[in-house]
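Before any questions on how it binds or moves, here is one chain, the form predicted alone, in structure tokens.
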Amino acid sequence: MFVFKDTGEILKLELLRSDNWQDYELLDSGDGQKLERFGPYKFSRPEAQAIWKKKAPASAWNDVHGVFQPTREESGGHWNFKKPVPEKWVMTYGDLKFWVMPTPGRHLGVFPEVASHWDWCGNLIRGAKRPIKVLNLFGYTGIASLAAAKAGAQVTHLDASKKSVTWARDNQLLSGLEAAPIRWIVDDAVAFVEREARRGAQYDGIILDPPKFGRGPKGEVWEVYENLPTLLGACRSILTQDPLFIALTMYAVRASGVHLYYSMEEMMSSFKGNIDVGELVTADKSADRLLSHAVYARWSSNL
């Protein structure tokens, strides 16, 4: 909790947990690694935030299906499989179903800690009692888009990776949402939002999960500190007169919840609403501690 000396205003930083999982567990963490269960399979992956010691016995860490071996290159490395693992398998979260698989970038197609955002957005959409249009930028494999569509929103899903968008569309079919109004876009986020602004398009909710660094489908360079202010300004220009929510999550950056609070406050200054900021965390099953994954800021209407 921070208290601003000049105004006495209190900024509360929250630790946001996603505790409704059945198919995922953080089994242990420590020594720069995390031990996780994705469905029936267990994996060990690097985790720079886990600077403490492991709690689970070595036998638990050895009894895994796969270990990701990193290289010096950021996000580089390879999987070392100790037990047979299918090419892909199905996981569920509530009524949603989606494919997961080990990828060369150490991820498996889902970020479990973001599930609290899915629930939050879904509850707001259902409670709005009006048609809601949602834009999901950097949408990856589309689970947030499916959650919004399941709640009744019309969704535009964008990612620069054609492979990720194809994966997301497969998840749509798997979840039985093939009739849901989801528009799938492969494009650069900034370029797309700026074109939407020129076309006069408007959205009631925007989900942003930008990477630290990335490239668009035409080689456009994304660097979060350089490009995020421009993107937030562009997103501001495509909001409806009565927006419902904004959800911003940032991984692997030096930003804090305080930084995101000021960015969100600036973006939404002309609207009446509430901002909550903090960190996305997961409870470690082997010890009484929380593993932090990302910082976030969310704005929601108080109308």
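Keep in mind it's a predicted model, so treat the numbers as computed, not measured. Numbers follow the displayed sequence, beginning with 1.
Another form exists, predicted in complex with a small molecule; not displayed. Remarks below refer to it.
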Just to confirm, Asp170 within 4.5 Å of the small molecule in the predicted complex by heavy atoms? no
Glu194 versus the small molecule, in the predicted complex: is there a non-hydrogen atom within 4.5 Å? no
Would Leu135 count as a contact of the small molecule in the predicted complex, using a 4.5 angstroms cut-off between non-hydrogen atoms? no
Verify the contact flag for His107: yes if a non-hydrogen atom of it lies within 4.5 Å of a non-hydrogen atom of the small molecule in the predicted complex, no if not. yes
Pick from 118 to 126, 184 to 192, 80 to 88, 199 to 207: which stretch has a heavy atom within 4.5 Å of the small molecule in the predicted complex? 184 to 192
Identify whether the small molecule in the predicted complex is within 4.5 Å of every residue in the set Trp21, Pro40 and Thr92, based on non-hydrogen atoms. no
Sole residue of Leu158, Leu177, Leu232, Leu96 within 4.5 Å of the small molecule in the predicted complex, by heavy atom: Leu158
